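Only one chain is shown below, in structure tokens, and it's the form predicted on its own.
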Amino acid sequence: MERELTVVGNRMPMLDAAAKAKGTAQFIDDLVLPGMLHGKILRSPLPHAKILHIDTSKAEKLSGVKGVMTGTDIPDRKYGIVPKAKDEYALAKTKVRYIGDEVAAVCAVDPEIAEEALELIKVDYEELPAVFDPMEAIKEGAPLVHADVQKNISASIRKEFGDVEKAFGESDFIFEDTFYSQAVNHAPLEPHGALAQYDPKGELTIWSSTQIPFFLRRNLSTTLLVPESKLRVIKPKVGGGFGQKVDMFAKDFCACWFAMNIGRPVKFIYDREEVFIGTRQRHPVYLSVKTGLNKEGNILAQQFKAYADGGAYNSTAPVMITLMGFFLMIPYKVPNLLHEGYHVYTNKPVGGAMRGHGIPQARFAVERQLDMIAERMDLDPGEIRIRNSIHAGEPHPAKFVINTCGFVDTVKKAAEGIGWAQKRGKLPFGRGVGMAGGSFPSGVSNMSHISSGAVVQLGREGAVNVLTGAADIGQGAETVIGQIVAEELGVLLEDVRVTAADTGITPLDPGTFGSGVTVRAGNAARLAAISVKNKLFEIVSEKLEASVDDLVAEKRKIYVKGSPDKGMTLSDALKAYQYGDHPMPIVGRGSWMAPTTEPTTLLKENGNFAPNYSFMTQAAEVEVDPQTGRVKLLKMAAAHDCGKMINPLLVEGQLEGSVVGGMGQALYEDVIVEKGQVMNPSFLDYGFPTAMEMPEIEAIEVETIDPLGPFGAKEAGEGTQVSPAPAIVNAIYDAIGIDFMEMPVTPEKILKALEEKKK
């Protein structure tokens, strides 16, 4: 029988909670270096234009200005987060492709002078025809955003599983519907920033609000023509990322370029408008779904087509459209699927990774249509989901390996939590409930060498130092890793210090994306801790005259399994180790990568996408005011199968955050663009939910113990975001009997629909 866990599974505050609460945690803008300069970026006022000439002479002469740079000054090296999709320069060279494209940069002794210098730069443009809608951009004769990309389709995928045409022929019912998911900004509380310093020895250090320090180092090396060995990327505290801080941006490159060429530290901090316009957003997507079912309500076939508005550059385009397609095949059985996905350039802000990375848009379409199908076939929406659920151990058309699956339980528990049986279709007009399901990978295995490393050091006083490349961006990654190590070594969490995300001292790690940190970095840290423990146990076993396999480490003690009185304190064990002339601290190393074929390229071949998969259902109750069209989310019941919860408090925080994000997408948020210009680039105008709109949230545990996760854990981050928006829109249907096929469902749309319903 396994011993009871003492650290893992407990509700514990984040390691940096006190520092954040007291205001002593250091983010990019808190960092100040002697002689530091401040940088600003000049952005294009036009959506599409040739750059004819840039005159920087007046800016260079302004007192306090120390440096000015344009695209002509930098190496001719494109970059991108996905190697095969590189299409950006750090500063535009011959052409701008959206309003906000980076044209020039300055650095000065203070931000105000740098801002003034931007106004002195004169740029001569030749305006070009622009295109703002992906469905227009793919037509013959449309302006080309990138001259070498025909029909503006920068990435595409066509994947078929089974025989779709035959399955549709055998279907008793076929339904086809179209949907639209809007552009959403990540809106992290902390804007993007970077601070770079160049050492006289030729070493460059950059502090950046990044989610992926090692990937950023690679892109900086490529564009700066500096060896990675001469580059150090340090991630300080990050005030939210949600995928928006995955890419390299001009602020990173320009801070480094100026620091190298001027010899002084340089800091760039984006303002809120720059975050909205010049970073990344969730892709707007046009979606069509065709589904065939038999009389019993079992899905036989599905055909899915998506056109993603990528804006002016690729960012994560190939990954995004691939994820969207493969995760149509989970959590439901879809034995026959045809997915066509297209990433289309337009002269608009750039789409990129955002919590769920293409899957929330796809799930909106699928989960909305499932409810519509249930209505047409006179089936309960919960029952149709249970009937079509995937189960652990079953063969999968895309060769996913499903070790554990609690999806059916999530449907049942979310339904119970919202009062489904008592409320669905039975509440007064204006009140309704709805649900939506989903699934997500715990990290992706579709790229080469996606591995995490860790080093654990146990000192003579029992203090533990963990070195991990994992990037904590507010989700609590360092705390979870600390708990895993503390559990394995038998110490308390307060004994553990985590040093993370510094390419100069921490092991290689892919960073925070794909919801893989807990499984990937957690497993690496656990292996490193086991290595330390085994070294210590070899000495203790001699002292206790017991087998190493019979020893247990728990609560700063080491004892023989089943005999707690036969043991010694950790302190005494460490003394024995040291007095045996063994080197201190005790050091263990670990590295972990998901089982996969190297390299797995799912654009060409099928295969297991992740080490394990989370499953979830969220159920919403809403109230719609027919006089104003306003929707109030009253309650959300969120049931999530994330395996063993390392820290239930943090899982609940992720679920609560997902509800707010889902509310925003379903009801409020929309990046409004007119002729390429973002019209609402501020927190005042954008309109996301606040604490005033928070509903009652019931976080429901569905625990399965996964064999590949550390202590049985699976993801509980991005996956929590895929279900709430469609659940809310489904609840709106139950409340007023109107299907909405696009988001956000605003009061104006509701009032218009109610008027049309009266006719």
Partner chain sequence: MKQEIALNINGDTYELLVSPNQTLLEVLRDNLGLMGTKRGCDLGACGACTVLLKGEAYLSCLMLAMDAVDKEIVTIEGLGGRGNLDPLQSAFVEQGALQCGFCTPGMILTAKAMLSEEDHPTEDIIKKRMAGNLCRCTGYKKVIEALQSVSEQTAEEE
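All figures in this text were calculated on a predicted structure; none of them were measured in a lab. Positions refer to the first chain, counted from 1.
Here the subject shifts to the form predicted in complex with its partner chain, a form of this protein not shown in this document.
Interface residue remark: residue 507 is not counted as part of the site for its partner chain in the model of the complex, having no heavy atom within 4.5 Å. The shortest heavy atom separation between residue 176 and its partner chain in the model of the complex exceeds 4.5 Å. Mapping the unseen interface onto this chain, residue 186 counts among the residues with a heavy atom inside 4.5 Å of its partner chain in the model of the complex. Among residues of the shown chain, residue 737 is not one whose heavy atoms approach its partner chain to within 4.5 Å in the model of the complex. Residues placing heavy atoms within 4.5 Å of its partner chain in the model of the complex fall in a single listed stretch, namely 645-653, out of 198-206, 384-392, 330-338, 645-653. A single residue from the set 225, 147, 421, 684 has any heavy atom within 4.5 angstroms of its partner chain in the model of the complex; that residue is 684. Between its partner chain and the residues 432, 318, 297, 689, the one pair within 4.5 Å by heavy atoms in the model of the complex involves 689.
If you take 240-272 and check each residue for a heavy atom within 4.5 Å of its partner chain in the model of the complex, you get 240, 242, 272, in sequence order.
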